[in-house]
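In the block that follows, a single chain appears as structure tokens, in the form predicted on its own.
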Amino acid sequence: MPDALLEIRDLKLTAATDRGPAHILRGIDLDVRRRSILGIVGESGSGKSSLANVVIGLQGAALRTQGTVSLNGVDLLALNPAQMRNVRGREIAMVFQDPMTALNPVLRVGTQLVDVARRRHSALGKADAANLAAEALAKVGLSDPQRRLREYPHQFSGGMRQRAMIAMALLAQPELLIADEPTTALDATIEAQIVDLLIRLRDEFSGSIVFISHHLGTVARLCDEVAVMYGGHLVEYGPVRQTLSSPLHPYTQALVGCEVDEAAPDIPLKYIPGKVPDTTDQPQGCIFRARCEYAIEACATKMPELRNFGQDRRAACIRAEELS
């Protein structure tokens, strides 16, 4: 993709276990365009958070990576730990899914935000950094930001902590912001507020965002493109509205069908029978075949390649033309 900020090619992530190698990511090819928001969706165990951790370099030393993850043409997987630390918090920042554990409990919120601001701007004085931190808290909707800077994380509610984490990420002025299910630990009201905040901030943020979520409605509101993951594979990619309104892959169709809608109360909720394959499994053929109502004998031969279907759309299904 000519305007890609992040280019991921044939990314594999494996771990050694007592049951054999665990295949967490099984060859991901994905681009993130500049100044765009990419949503990544899929069931738990699909590999969404693992992909985010590899991009930011937090996958752990016990896991083995193959392939390339290039940011502005620089392969992040080829960097040593010191070089990656210079990228993390400057060029890439992350909002984690559990705001209750993301902040250091023994340091004031202001101390943590000021450290990020001064790391990003080395010539910045402490007072100026504190002013920037207060402005960031105000931007994410926290009242009386000067007082909030003096408080500790335990004095913040879950929604306030997540707002502080978003403010911290924005202080880094990254080219790539990763939001890994940032509303998972919050109640429905606060979740809606955080999503509205991200929508408002998207026009003020000059970089790209990767937004990981289980909620297709949220992805449809916030994102430009969507990538659908299943069992460590990327099975569909495309513009968010076209992809969610007319999915090409049976798994994407099933996810859309499981969304809670305004159906009559006596109609049972839809679900996808079966479960996501274990990472130690090496199923023959299509990774989704065991749960797919459209599977045929040919689906047992090999995992389909991610094919182009025009309008920047791709899907990994041999029957996509018939089912679309």
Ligand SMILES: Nc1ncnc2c1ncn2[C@@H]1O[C@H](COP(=O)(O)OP(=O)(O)OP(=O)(O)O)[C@@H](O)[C@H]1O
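This one's a predicted model, so the numbers in the text were calculated from it and none came from an experiment. We number the residues from 1 along the sequence you see.
Below, we turn to the form predicted in complex with this ligand, even though it does not appear here.
- Contact annotation for residue 316: none of its heavy atoms lies within 4.5 Å of this ligand in the model of the complex.
- None of the heavy atoms of residue 11 is located within 4.5 Å of this ligand in the model of the complex.
- When contacts are judged by a 4.5 Å heavy atom cut-off, residue 27 does not count as touching this ligand in the model of the complex.
- Remark: residue 45 counts among the residues lining this ligand in the model of the complex, judged by a heavy atom distance of 4.5 Å or less.
- The stretch among 49-57, 27-35, 289-297, 66-74 whose residues place heavy atoms within 4.5 Å of this ligand in the model of the complex is 49-57.
- Interface residue among 241, 119, 214, 200 relative to this ligand in the model of the complex, by the heavy atom within 4.5 Å criterion: 214.
- When you look in the model of the complex, the only residue of 115, 181, 175, 191 with a non-hydrogen atom within 4.5 Å of this ligand is 181.
- The partner is not shown here, and in the model of the complex the stretch 292-324 never reaches within 4.5 angstroms of this ligand through any heavy atom.
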